[in-house]
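Before any questions on how it binds or moves, here is one chain, the form predicted on its own, in structure tokens.
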């Protein structure tokens, strides 16, 4: 496999991966009632939403998020879990941008009676998703329960807590110490947090730091999950700078990165708090892969206009030509069938099916 998968090939590979683990495709409308997003704005990447009035007078919105729609429409199961995956477009203003963009993303949600196995499986699928796109990747994993307990134990003001969490996300040890001093706290009170933020990813080191704290059971669970992924070949590490909204995320949170993309290509976590807010009793965990960033990656690393040129003439059997082209596309390649090779086209290889060739 090439180091990088192109965007189109990645979609096919991701679908096959998720289906091999028993996930079913979830299809949804392009829009939902606007009220769904108003009530959960802090869960969204952007609070800018495209709205319109439906024929019955309801205010509707082009979908800026997939997870909220799945949670709203999911059927809770008394036993076991429901596994769904999706390949959808959403409409929002990306971070750092000033205008709306149609964004393609794929991902999955696991909803129901979650246990250590089901959570570990989701993280393994996150690692495998990254590997299908680029072999040089890393999955950074954190735990909002651990962070929340440690930060709450400091006794910070609301403003101080928000500022501290932003410094944690930046791995800004100096900023964390500065907040401690500004709030008049004992420097020893934040020693554990500073050590965690400064960690380089080892489970043993994390357990040693948290051994005598009340969050040790959560730390043991986190270590088991990360170790299970690593033992199966996944490139996962613990990184407590991975933070998210504590109102929604209640446990494991994670982000995935690949070489050549400066921001996270994948993000996810356990969002039991969101389920409760929406009147659901089940646990839930999932992630999204931002496929538009794969397109950006392709633009940077792919010097070719097309992977394969299929040359044909009147003697080439039409059915054979189409079958070969489809087979190459199923493998993730881009293919153009042409009679003649034009000047200036950049390609990886030629397959010549003309008579006598």
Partner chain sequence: MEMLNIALPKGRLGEKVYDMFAAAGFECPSIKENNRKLTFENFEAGVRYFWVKPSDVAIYVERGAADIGVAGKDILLEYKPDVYELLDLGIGKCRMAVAAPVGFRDNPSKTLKVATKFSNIAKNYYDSLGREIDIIHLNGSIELAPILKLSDVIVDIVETGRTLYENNLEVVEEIVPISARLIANKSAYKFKGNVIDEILGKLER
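Positions refer to the first chain, counted from 1. These numbers come from a predicted model, not from an experiment.
Absent from the display: the form predicted together with the partner chain. The rest refers to it.
In plain terms, the part of the chain that comes close to the partner chain in the predicted complex, with a heavy atom within 4.5 Å, is 232 to 240 out of 267 to 275, 108 to 116, 219 to 227, 232 to 240.
For the options 91, 257, 248, 86, the one in contact with the partner chain in the predicted complex, meaning a heavy atom within 4.5 Å, is 257.
Checked against the partner chain in the predicted complex, the residues 138, 151, 180, 215 give one hit for a heavy atom within 4.5 Å, which is 138. In the predicted complex, the partner chain stays beyond 4.5 Å of every heavy atom belonging to residue 74. Looking at residue 169, you'd find a heavy atom of it within 4.5 angstroms of the partner chain in the predicted complex.
At least one heavy atom of residue 200 is located within 4.5 Å of the partner chain in the predicted complex. The closest non-hydrogen atom of residue 184 lies beyond 4.5 Å of the partner chain in the predicted complex.
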